[in-house]
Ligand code: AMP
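Okay, so here's just one chain, in structure tokens, the form predicted alone.
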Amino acid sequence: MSIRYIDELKDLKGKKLFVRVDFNVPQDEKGNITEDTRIVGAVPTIRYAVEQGAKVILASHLGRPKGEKKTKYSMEPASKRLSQILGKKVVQAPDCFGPEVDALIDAMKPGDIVMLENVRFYPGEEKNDREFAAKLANNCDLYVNDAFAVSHRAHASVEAITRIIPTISAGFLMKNEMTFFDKAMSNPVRPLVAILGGAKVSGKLEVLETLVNKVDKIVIGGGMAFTFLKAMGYSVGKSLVEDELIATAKKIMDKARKKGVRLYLPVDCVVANTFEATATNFITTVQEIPEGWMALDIGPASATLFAETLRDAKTVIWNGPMGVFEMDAFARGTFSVAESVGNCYATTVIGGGDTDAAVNKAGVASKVSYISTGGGAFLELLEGKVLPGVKALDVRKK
């Protein structure tokens, strides 16, 4: 594909620039933003557009309002936080389109910023409706997609709108996402090590099947590891297992062996008698998990083993925690792996969501080469898929 980036657009001064960002950020019960990584990530693109004298019109979604206007999903807190970061007024529009929004946009001067209201307040967004996209476009001159995290969705503000606004491009955040992913997966310096965690194999089955063909080593932790361990004949107590995928797990392990890909699983774990932060827990080998107990984290020997797999790594890609790291008693395994990834001499790419949160909580974010803003989008790239929002930016097809 041939993607044009915002700094390749000429003469932005006075032009109406529609920028799709992803400000779907967590908030507390009072509407205060508790984590603003995605907002900060879009700042270079927004700042560049402002400096070039463009009239910047931002669009994003927040949560799942299901096509209805709900105050708790308003973009106003994101507008306020962006204003603080930029040190510049960001005007919050009362809606996505309509007479009031038209008046706001018509009154804009070069360098002004307007934030449209939540695009998911209308069902046309998730339906990728062309008419809704045309209303969103507000006769803008240029379109910029800087929302990697939603580019796996063929939604109106991501896909349909690129067929309405004549000139399309991507922002700097999107450029970073695609550049680092390409560096890690398309042309990696080897050995390439993939670390996968999280709860279920089913959520990452296609990823696993793709990675077996591309990497030198695969490390599997988290709840998904116990489907593999059961496939090897171990009794895993009440640990999370997808019995219907045991045969698939065997096939993946067999394929890895045939291809010479080294596959690592936990050798010990932290087990608990209930799924609670205060549950009684202890460390045991994976061969000795008691009946009625469940594994909620990898143990120290597994953390050491996984660290050893990274000793000669030149490229590391990681998605998914090693345990229920939200509970302090079961966070040590994830934090240990985070430290190992942060300290290894390799290009390290972290795939959004829980992994991002874990790396930040472990205090090693600054040691990682790149932390993706996308969870689902990152996984779909790992599966080898072309994201609809990225495909829509292909200038040659236009």
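Numbering starts at 1 and runs along the sequence shown. Since we're looking at a predicted model, the values are computed, not measured.
The discussion below concerns the form predicted in complex with ligand AMP, not included here.
Peer 1: So, in the predicted bound form, is Phe275 in contact with ligand AMP at a 4.5 angstroms heavy atom limit?
Peer 2: Flag for Phe275 set to yes.
Peer 1: May I ask you to check whether His152 falls inside a 4.5 Å heavy atom distance of ligand AMP in the predicted bound form?
Peer 2: So His152 does not count as contacting ligand AMP.
Peer 1: For Val324, is any heavy atom within 4.5 Å of ligand AMP in the predicted bound form, or not?
Peer 2: Yes, Val324 lies within 4.5 Å of ligand AMP in the predicted bound form.
Peer 1: Given that ligand AMP is not shown alongside this chain, does Leu296 nevertheless sit within 4.5 Å of it in the predicted bound form, heavy atom to heavy atom?
Peer 2: Yes, Leu296 sits close enough to ligand AMP in the predicted bound form that at least one of its heavy atoms falls within 4.5 Å.
Peer 1: Only one of Val267, Ala279, Ala199, Ile85 comes within 4.5 Å of ligand AMP in the predicted bound form by heavy atoms, so just point that one out.
Peer 2: Going through each option in turn, the one that passes is Ala199.
Peer 1: Within 4.5 Å of ligand AMP in the predicted bound form, do we find a heavy atom from each of Lys204, Leu240 and Asp354?
Peer 2: Every listed residue reaches ligand AMP in the predicted bound form, so yes.
Peer 1: Which among 288-296, 170-178, 122-130, 154-162 is in contact with ligand AMP in the predicted bound form, heavy atoms within 4.5 angstroms?
Peer 2: Stretch with heavy atoms near the partner: 288-296.
Peer 1: Pull the contact list for 212-232: residues with a heavy atom within 4.5 Å of ligand AMP in the predicted bound form, in sequence order.
Peer 2: In sequence order, Gly222, Gly223, Phe226 come within 4.5 Å of the partner.
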